[in-house]
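A single chain, nothing else alongside it, follows as structure tokens in the form predicted alone.
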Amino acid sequence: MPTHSPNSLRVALPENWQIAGFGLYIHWPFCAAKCPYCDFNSHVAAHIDADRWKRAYLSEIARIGSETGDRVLSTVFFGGGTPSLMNPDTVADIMDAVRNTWTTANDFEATLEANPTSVEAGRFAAYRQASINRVSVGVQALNDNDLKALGRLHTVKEAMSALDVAHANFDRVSFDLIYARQHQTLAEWRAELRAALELSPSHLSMYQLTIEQGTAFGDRFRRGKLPGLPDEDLGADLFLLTQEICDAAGLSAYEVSNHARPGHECRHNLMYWRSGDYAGIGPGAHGRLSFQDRRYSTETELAPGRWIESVEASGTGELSRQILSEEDRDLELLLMGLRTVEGVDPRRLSKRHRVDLRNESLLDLEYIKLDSDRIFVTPRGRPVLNAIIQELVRQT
């Protein structure tokens, strides 16, 4: 754990959380079924001891609060897994502990992820009473055949019903869609995206289907059993079509995969992309915590059983805490910040780490743009973002 010496304080400069925010991520690792494309730390369990899990979360909140209780908390995000499977009383007790541990921001955001099959009017009303003020619904597709191929347990009709319940209970509702699916054409995605926009969303998260190792899709792909995936050109066309249609509908991208009406951006994710501070609680949750001039990477036990046993036996679910080098801090700032339209403030980069921000070839190609206090990737450069970052970063 870090030690804080008065001699190391940089009184003249604000701390990292004051620049980019401080958030709390709570990972609920359980799902009703494992989706074949999912590489998140999610598990199917026959029995869950809800009280035991609640005690573990409350214990971790107290531990993190002992280090950071003087900070203003901007956001809480319940991710998973399927947090909408959590007992609303558990969520309420967690949120009570959060409010008793930190002062919350005036625009405090508390998000809970939900799957359509677990959305119930009474449950959502109880989450709202527990101070949840934003939900993100995993719709993923507006086509029943593709929902089945993606391993989803809900139908389009159930997804529409879930969104109706969400809108009846929350002012801020987002939903996810996956595109670049098997055998999907540009015309099909155009029609599906327009149907999604007819639902008048204020926020949409849209991800290209990626095939990850260790997933069921990854295994099928390796064996040549996943036909109809788009080639690179079609994938790029699908991405560009997404930008075009959403821009015209008033939901421009504020990050590579996220679109919102002005003022409806996900504040928690913005905190990540701005390299703010966040504590990660739960199996496999990561965190970034800054104390004076040092920034720490935290990791937790990945397996749910080991994590909860660690909390109970040793008073912490944290597996490791390591100081990030200046090079790693700069790389993270660029990797995360250049995903957003607002870009990165170069003044936050280390003076000792050379980063070539005036890359003439990228400027000439209009892939990046520099103004008086920001560097950002242009819409032209966004489809090749990873290559741009590799070109920008120069290790000493």
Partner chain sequence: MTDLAHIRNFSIVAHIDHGKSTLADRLIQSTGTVKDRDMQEQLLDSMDIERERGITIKANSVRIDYKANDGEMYVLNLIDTPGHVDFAYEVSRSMRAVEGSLLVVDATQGVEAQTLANVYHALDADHEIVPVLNKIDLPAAEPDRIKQQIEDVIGLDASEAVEISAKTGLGIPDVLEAIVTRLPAPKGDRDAPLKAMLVDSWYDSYLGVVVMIRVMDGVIRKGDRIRMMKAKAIYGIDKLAVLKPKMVDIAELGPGEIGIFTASIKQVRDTKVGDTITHEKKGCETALPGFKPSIPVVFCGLFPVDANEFEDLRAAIEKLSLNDASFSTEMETSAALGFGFRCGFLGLLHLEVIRDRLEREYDIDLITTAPSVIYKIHQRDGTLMELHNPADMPDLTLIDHIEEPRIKATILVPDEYLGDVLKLCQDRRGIQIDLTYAGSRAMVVYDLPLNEVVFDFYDRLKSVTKGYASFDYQMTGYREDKLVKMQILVNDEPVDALSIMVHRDRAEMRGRAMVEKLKDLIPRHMFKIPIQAAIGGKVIARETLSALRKDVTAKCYGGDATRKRKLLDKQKAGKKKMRQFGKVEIPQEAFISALKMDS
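Positions refer to the first chain, counted from 1. The structure displayed is predicted, hence computed values, not measured ones.
As for the form predicted in complex with the partner chain, it is not shown, yet the points below apply to it.
Next item on the list: Have a look at Ser174, Ser84, Ser74, Asn269 for me and say which one sits with a heavy atom within 4.5 Å of the partner chain in the predicted bound form.
Entry: Of the candidates Ser174, Ser84, Ser74, Asn269, Asn269 is the one lying within 4.5 Å of the partner chain in the predicted bound form.
Notebook entry, point to check: Here the chain is shown alone; which of Glu366, Glu332, Asp51, Glu67 has a heavy atom within 4.5 Å of the partner chain in the predicted bound form?
Noted result: Comparing distances to the partner chain in the predicted bound form, the residue within 4.5 Å is Glu332.
Notebook entry, point to check: Looking at the partner chain in the predicted bound form, is some heavy atom of each of Trp102, Ala303 and Glu309 within 4.5 Å of it?
Noted result: Not one of the three qualifies.
Item checked: Listed range touching the partner chain, judged in the predicted bound form by heavy atoms within 4.5 Å, from 123 to 131, 166 to 174, 245 to 253, 208 to 216 -> One stretch meets the cut-off, namely 208 to 216.
Next item on the list: Report whether the minimum heavy atom distance between Ile388 and the partner chain in the predicted bound form is within 4.5 Å.
Entry: Taking the distances in the predicted bound form, the answer for Ile388 is yes, it comes within 4.5 Å of the partner chain.
Notebook entry, point to check: Even though the partner chain is not shown here, does Arg339 get within 4.5 Å of it in the predicted bound form, heavy atoms only?
Noted result: Looking in the predicted bound form, residue contacts with the partner chain include Arg339, since a heavy atom lies within 4.5 Å.
Margin query: Please determine whether Arg294 contacts the partner chain in the predicted bound form, using a 4.5 Å cut-off between heavy atoms.
Written below: Output for Arg294 is no: heavy atoms all beyond 4.5 Å of the partner chain.
Check: Are any of the heavy atoms in Asp144 no more than 4.5 Å from a heavy atom of the partner chain in the predicted bound form?
Finding: The answer is no: Asp144 has no heavy atom within 4.5 Å of the partner chain.
Next item on the list: Residue by residue through 20 to 45, tell me which have a non-hydrogen atom within 4.5 angstroms of the partner chain in the predicted bound form.
Entry: The stretch touches the partner through Asp39, Phe40.
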